[in-house]
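Shown below, as structure tokens, is a lone chain in the form predicted alone; questions about how it binds or moves come after it.
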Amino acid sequence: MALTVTDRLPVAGADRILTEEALDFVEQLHVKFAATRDGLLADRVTARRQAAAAGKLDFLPETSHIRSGDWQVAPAPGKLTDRRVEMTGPASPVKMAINALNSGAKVWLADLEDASAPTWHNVIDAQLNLYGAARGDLAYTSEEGKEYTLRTDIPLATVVVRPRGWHLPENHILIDGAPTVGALVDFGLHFFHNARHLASTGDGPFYYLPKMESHLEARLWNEIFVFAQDELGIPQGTIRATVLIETIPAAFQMEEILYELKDHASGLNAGRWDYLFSIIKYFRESGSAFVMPDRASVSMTAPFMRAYTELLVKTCHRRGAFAMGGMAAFIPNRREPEITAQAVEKVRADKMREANDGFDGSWVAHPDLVDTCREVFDSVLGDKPNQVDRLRKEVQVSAADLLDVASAEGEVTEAGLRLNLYVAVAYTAVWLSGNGAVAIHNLMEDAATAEISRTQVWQQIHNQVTLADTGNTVTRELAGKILAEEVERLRAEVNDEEAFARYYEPAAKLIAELTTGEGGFVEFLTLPAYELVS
């Protein structure tokens, strides 16, 4: 096999990351594991079709011995015993990396996935920043002369890296002319350059694993970890991974996923936004029982979401793993104190629910919310680093509970349809410009929330949903008309025809194809969008 780098847009510092030895390591990962990954992606298609036809999922009978067995994950390393506040955000640009490390959070989820648009610049710049973060020597001076350096008065956040999901390719590193697996590139480059150093200081390497749909996908990651540690001479079990349970089939395989990774597992996370997207996507042809109300109406207190989070806490603590809460979308606006106060109170209520339910920590998307999250978990945990000893034996969750989408209160409205189309176009445009996380109307939007938005529109069209506020039926024609109106609204807000033509027009065209087009459902928005930036 022959590996090549198509460096059409040279990135400063790329030679420090794309060394011959590092690329050899990435090639080894690809040769050894890419075919298995391809097979697992094919298995996803088969499994989804079967579930959609049946209109249900269930716990796997062939793995009942794992669920009934007596086993635990490996004990947590010192840097991961207290995770009460985790700051999430992209690893590029460097200013955001420094702010995350300085935030006072226990952990920084350095996101190479949903909060990052995988332009070639961002892929390389993120690796450079993670290299600097591992060694504590990041610094940056803005064009205005403002200096950003790492704090020395508080502990820096422990870095946990989230590589791309299994479905995403890397078009700039080719093997025999074909794109490599984005997840293997992200993991391989980070592990090769930083694993020995992080292991020597007790700071890792630690990872978050996204969007898995089966325990067999977790098994693949475990095999990769074993191989990588052997290849670099690092003791087995040094790697620790937290898995995001953000797909509906993974919710039925939580124990099995932990079991497959038990020598490397640290916990599970309730990735709420992708979880909702996954339910819509998985059962998109299964009728009105799976049609959700407006996105903003589906709260974490909906019975089917409560079932998901309570099962996650019970599963983790039974196996000695950490249960991590998800993202509260509300973010402060420093220019509007009233909005900030409202956002803080909403985040406080969300984190209090999680802490009282037994979660060991939770995510925030803005440094200004770190103190709020910490105060809430401090009030519940006290002097304890976590509450893994809270087993939640009283929790009983059935397959029907996890699938009871109809229990969610709320309606489908034209206002919600408009908001979905507005957010889908606005976010995709920003993503195409190279930014993977953006505040829209004081909510943090990333790829997961954009996915919910566009899949809800598709689902409403194909189920001929009636809008509660207008009485109209959602059709391609109606959605297309509203989309055109929202695009014009964005044109006025952007007020920059060059930027609008460069980013918003292709974004609008893509969202039109994905929601009102005749081409069939597209599994991930980021796949066709990636072809526009790579």
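The shown structure was predicted, so the numbers you read here are calculated from the model rather than taken from an experiment. One-based numbering along the sequence shown.
Not pictured, yet referred to below: the form predicted together with a small molecule.
Contact check for Ala439: a non-hydrogen atom falls within 4.5 Å of the small molecule in the predicted complex. Taking the partner from elsewhere, His366 is found to have a heavy atom lying within 4.5 Å of the small molecule in the predicted complex. Contact annotation for Arg162: at least one heavy atom lies within 4.5 Å of the small molecule in the predicted complex. The small molecule is not shown here, but in the predicted complex it comes within 4.5 Å of a heavy atom of Lys146. The stretch that touches the small molecule in the predicted complex, counting heavy atoms within 4.5 Å, is 83-91, out of 194-202, 223-231, 83-91, 128-136. A heavy atom within 4.5 Å of the small molecule in the predicted complex is found for exactly one of Leu189, Ala115, Leu311, Ala218: Ala115.
Taking a 4.5 Å heavy atom cutoff to the small molecule in the predicted complex, the contact residue among Ala448, Ala250, Val185, Ala426 is Ala448. By the 4.5 Å heavy atom rule, the three marked residues Phe283, Ser286 and Lys481 all fail to count as contacting the small molecule in the predicted complex.
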